[in-house]
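Here's a solo chain for you in structure tokens, the form predicted alone.
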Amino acid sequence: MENQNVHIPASGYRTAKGFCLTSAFWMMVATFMGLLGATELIAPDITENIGWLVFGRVRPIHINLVLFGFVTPGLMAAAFYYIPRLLRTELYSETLGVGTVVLWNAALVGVVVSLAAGHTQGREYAELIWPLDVGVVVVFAMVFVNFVMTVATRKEPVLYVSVWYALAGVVLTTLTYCLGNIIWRPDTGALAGIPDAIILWFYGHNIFGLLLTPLSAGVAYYVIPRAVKAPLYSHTLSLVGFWALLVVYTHIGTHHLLQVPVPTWLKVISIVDSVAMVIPVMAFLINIWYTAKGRLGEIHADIGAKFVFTGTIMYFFVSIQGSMMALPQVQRVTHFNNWVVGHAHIGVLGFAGMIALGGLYYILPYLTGRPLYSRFLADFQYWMVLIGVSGFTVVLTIVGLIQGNAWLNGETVYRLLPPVHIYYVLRAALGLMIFSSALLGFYNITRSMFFEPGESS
């Protein structure tokens, strides 16, 4: 097997391995919290009188753990592997990297404890209290220093596009996190009135567009050409997509506030740029899909590439949907209901989550020098996640359309609860599937890292 002969440096890719385990472990916790929240929507009294498990605390735990516990570390694991490889050097400091992994996990424990205890700043994607905000910024700064110093000591003069995306994602997230969490106000973590809403949604969208999207694109640009054993279709197109993403995505957050008295010019910019997202999205997808054109057999044969390629397809759907949802006439029906929740699941789990899992499964044989413990379990997890996220999309879209059209016609919230109950049951069942896939993935990844391959590999 080719990857059994790959050179493993004396450091042993300890940082990449640490982020692999971090992602696999917290995926279990994050999806369990999602399953618990979905169950509470069916049976609200199931956690009655258990304050730290009420829906209002379970939901932000689920969101923050998916974002910072599962997806981002999975993408980071791949980046800590491919950046030294692409630059033909070793990581600047494995010690700094391992320290980052430890502090990252300590911050995640703080996330669970603080939010379960009810300590929150009460802002979407910015719920964490000030000490944890500082911790998040510190770990991102540590990652950036490690990446930049690795670039500075490189032996390869050309910076491949994956390196561009990884560095941009880390440094821009460090800056937007400080801004969006109003980190200079430890007492409130917020401004007042409309300015706070504008800044919050500038951050709320960019935590995806300037963190998950660049890191996911970096993994895809590394994995797909290697899996199909072909050069990237167009390096120039990859850089066009890179700069277009930074220019266009940055300004679309205000499309969450079209019903709010924010300046009209800001709404117009957000709508125009939301539609213009077709430029960076299609630049990326055309590049990846043309690289893989005629070579889908190679992608199917590599489980990591299969996850990643499926993630790019999900990216197409979530981006088209996002551009459409920014139109005021569409948003009259889709806003404030489960349509948006379905959209978020396609983006975070379908696009970034799929690519994060693909990155993990692709690099694991290179990290360990031996095949995956079980290709069968990895394939099984792939289908569970694919069915789960596709089911989420269908079920939550239906519920959102029911809710949006009914509210548009003056119906009250409580009268819609009986018609949508069956869809919430289906949602919880799909959540159980996703949680089960996380258990399988953690078992497979752990066995791959610490034990010899199984018979089913």
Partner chain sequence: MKMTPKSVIVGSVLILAAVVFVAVWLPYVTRHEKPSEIFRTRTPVEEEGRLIYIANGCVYCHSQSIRTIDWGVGAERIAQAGDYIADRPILLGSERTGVDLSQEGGEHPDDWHIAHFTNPRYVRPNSIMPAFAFLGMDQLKILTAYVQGLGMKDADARMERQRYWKKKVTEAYEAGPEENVHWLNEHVPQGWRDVPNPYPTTEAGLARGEKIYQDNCFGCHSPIGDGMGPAQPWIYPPPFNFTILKGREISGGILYYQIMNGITGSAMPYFKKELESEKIWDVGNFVAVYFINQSDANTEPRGIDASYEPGGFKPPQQP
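Positions refer to the first chain, counted from 1. Since the model is a prediction, treat every value here as computed from it, not as a measurement.
Beyond the structure shown, there is the form predicted together with the partner chain, which is absent from this document and is the topic of what follows.
**Student:** So which of V394, L401, V425, V54 reaches within 4.5 angstroms of the partner chain in the predicted bound form, heavy atom to heavy atom?
**Tutor:** In short, V54.
**Student:** So which of A301, V268, V109, A192 reaches within 4.5 angstroms of the partner chain in the predicted bound form, heavy atom to heavy atom?
**Tutor:** After the contact test, the surviving option is A192.
**Student:** Looking at 58 to 66, 386 to 394, 23 to 31, 428 to 436, which one sits within 4.5 Å of the partner chain in the predicted bound form if you count heavy atoms only?
**Tutor:** Going by heavy atoms within 4.5 Å, the stretch is 58 to 66.
**Student:** Consider H343 of the chain shown here, and say whether it contacts the partner chain in the predicted bound form, taking contact as heavy atoms within 4.5 Å.
**Tutor:** No, H343 is distant from the partner.
**Student:** According to a 4.5 angstroms non-hydrogen atom cut-off, is E127 in contact with the partner chain in the predicted bound form?
**Tutor:** E127: yes, in contact with the partner chain in the predicted bound form.
**Student:** Heavy atom to heavy atom, is R185 within 4.5 Å of the partner chain in the predicted bound form?
**Tutor:** Looking in the predicted bound form, residue contacts with the partner chain include R185, since a heavy atom lies within 4.5 Å.
**Student:** Using a 4.5 Å heavy atom cut-off, state whether T89 contacts the partner chain in the predicted bound form.
**Tutor:** Output for T89 is no: heavy atoms all beyond 4.5 Å of the partner chain.
**Student:** Using heavy atoms only and a 4.5 Å cut-off, decide whether all three of T368, R375 and T446 touch the partner chain in the predicted bound form.
**Tutor:** No, the whole trio is out of contact, none within 4.5 Å by any heavy atom.
**Student:** Taking heavy atoms and a 4.5 Å limit, what residues of 116 to 130 are near the partner chain in the predicted bound form?
**Tutor:** Contacts from 116 to 130: G118, T120, Q121, G122, R123, E124, E127.
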